[in-house]
Each structure stands twice: as C-alpha cells, then as structure tokens.
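Here you get one chain, nothing else, as structure tokens; it is the form predicted on its own.
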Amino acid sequence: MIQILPVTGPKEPYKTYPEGEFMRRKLAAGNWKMNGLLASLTEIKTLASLPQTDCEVLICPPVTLIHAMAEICQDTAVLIGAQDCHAAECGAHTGDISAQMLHEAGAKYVILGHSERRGDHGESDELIRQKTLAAWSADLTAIVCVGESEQQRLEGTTLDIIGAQLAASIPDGATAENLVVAYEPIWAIGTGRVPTLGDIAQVHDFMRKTLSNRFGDIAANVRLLYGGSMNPGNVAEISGVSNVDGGLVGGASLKAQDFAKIISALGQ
C-alpha cells in the first residue's frame, strides 16, 4: 500500500575539504515545461533580482525563451537550461534542437529523459544515453531523469526500474560537473501526491549506491534531485532526506515568488 503525504552567481556544485569530506551544493531546478511567453520574462527578472542564497538556481524554459532569459541573467546567479536536445549535432531533423544550438543560445544545463518525454515521445534509455553524450560534447550538464509508474510501485519493482534506467541512460564518463540525476516518480508529477519521506530516502540512497558502484568516488558528489509535486509547503521536509540535493520543480517554478520560497528552503 502506498502512503501519500499531504501536500502541505554560478559556483562549483560541491565543496571539498582537507579531511576529504564534501558538501554538495543544493540545486533548485525549475522546469517550465510548455509554459511561458515573452510576457513571462518579468518572472525571470524578478527571480534574478532576489537576494542570493547558498543554493544554485536554474530555470529551464521553452526553447523560445532560452536566449532572452540568458541575456537577462548573464550577470546574475540564475542559470538557464533547456528541456531536451537531439542526439545529433546537426542534420535533417525538422523541428529538433541540437545541444550545440542550446549552448550557443545560453543554456548551461539540459533535462533529458523526463517522464513526459519518455511517455509522450516513446524515448528509450538508449536514446537518452545518446542525448546525454551530445549534451556533454556541447559542454552542457545533463539532468537525467528516472522514475517508476504507479503500477510499477504497486508491483514492488521501483528499485529494479530505476536501476535499469540508471544503467542504460547514463553513459560512461559521468562526473559531478556533467551529470545530475533527478528521481521523479511518474505518479507524483503534477498530482500533488508525494511519496513518504522513507520512500524518497530509499530511492535516493539506492541511486547513490548504484552510481558509486559504477563510477567510484566521484559519485559521492553527483547531485541527486527529487522531482514530483515539490512545493513551498513540503520542500523543507523533502530536502532534509538523505541524499536529496535539491529539486526538479514544475508548476511551483513558474512564479518567482513561489520558486523563491523553495530556493530559500534549499539554501538553508
């Protein structure tokens, strides 16, 4: 039985200390999805003008707004990213955007393998792996998304699904600089439903262990985000969970004042 909780300037992603201990810098990543017109630039201007916290801030708008937002944020701590890229550098791919084009427009990150891309467009783990390689070649940090459906959770296969996605979607050569992993239970996205804190901890601890087994010590500094109805009311609890290094936020990132509350909580 699934328990549901009630909805209630660029820096290095981590700091290393002489003792060998580390502290991953939290990341508040806003995914605007298919929302935003030129009038929405007022939100990014507001966000860029707010006091900074010790939390990296990223907005991933529709591709039509990337360049304009990057121009607005060029002398601020707010970074701009994209929501997808093609695996090829160029070619006969009408309507697609390459990683190089995104980088030239001002993007620093790109979301890959979001459940809505996997579901709406039938994207496979292998395609996401190819897109991740393309992102890395264009000097973009890839936010690779993984997560289970409600049926898979009910069947008790959550960790099996996520393990397979991590293995097939992430290429060799991952580092803390070029990779972020986001756990987004599909059934929680945009629904207001959130896994228990224990379930979130189990998945994030599993992801850390899985990445460590594959990539060794560098995996300790790869940031792991939670995505799935994170909002100002639940961010403090979720961000306190083991191995949660920030959030991939949807609707709550569309308004600067709402997202600022999440940023503030993550920056504490």
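One rule holds for the numbers: they count along the sequence shown, beginning at 1. Please read these numbers as outputs of a predicted model, since none were measured by experiment.
Note that the form predicted in complex with 2-phosphoglycolic acid isn't included here; everything after this is about it.
Trainee: Taking the shortest heavy atom distance, is Cys60 within 4.5 Å of 2-phosphoglycolic acid in the model of the complex?
Mentor: Close contact is absent here: in the model of the complex, Cys60 is far from 2-phosphoglycolic acid, nothing within 4.5 Å, heavy atoms only.
Trainee: Would you classify Val249 as touching 2-phosphoglycolic acid in the model of the complex, given a 4.5 Å non-hydrogen atom cut-off?
Mentor: Close contact exists here: in the model of the complex, Val249 approaches 2-phosphoglycolic acid to within 4.5 Å, heavy atoms only.
Trainee: May I ask you to state whether Ala105 is within 4.5 Å of 2-phosphoglycolic acid in the model of the complex, using heavy atom distances?
Mentor: The answer is no: Ala105 has no heavy atom within 4.5 Å of 2-phosphoglycolic acid.
Trainee: Check whether Met230 has any heavy atom within 4.5 Å of a heavy atom of 2-phosphoglycolic acid in the model of the complex, and answer yes or no.
Mentor: Output for Met230 is yes: heavy atoms within 4.5 Å of 2-phosphoglycolic acid.
Trainee: Counting any heavy atom within 4.5 Å as contact, can you tell me which stretch out of 159 to 167, 181 to 189, 69 to 77, 86 to 94 lines 2-phosphoglycolic acid in the model of the complex?
Mentor: Among the listed stretches, the partner-contacting one is 181 to 189.
Trainee: Exactly one of Lys33, Lys45, Arg214, Arg208 has a non-hydrogen atom within 4.5 Å of 2-phosphoglycolic acid in the model of the complex; which residue is it?
Mentor: None of the others qualify; the residue that does is Lys33.
Trainee: Suppose contact means any heavy atom within 4.5 Å; which members of 100 to 133 contact 2-phosphoglycolic acid in the model of the complex?
Mentor: Those in contact are His114, Glu116.
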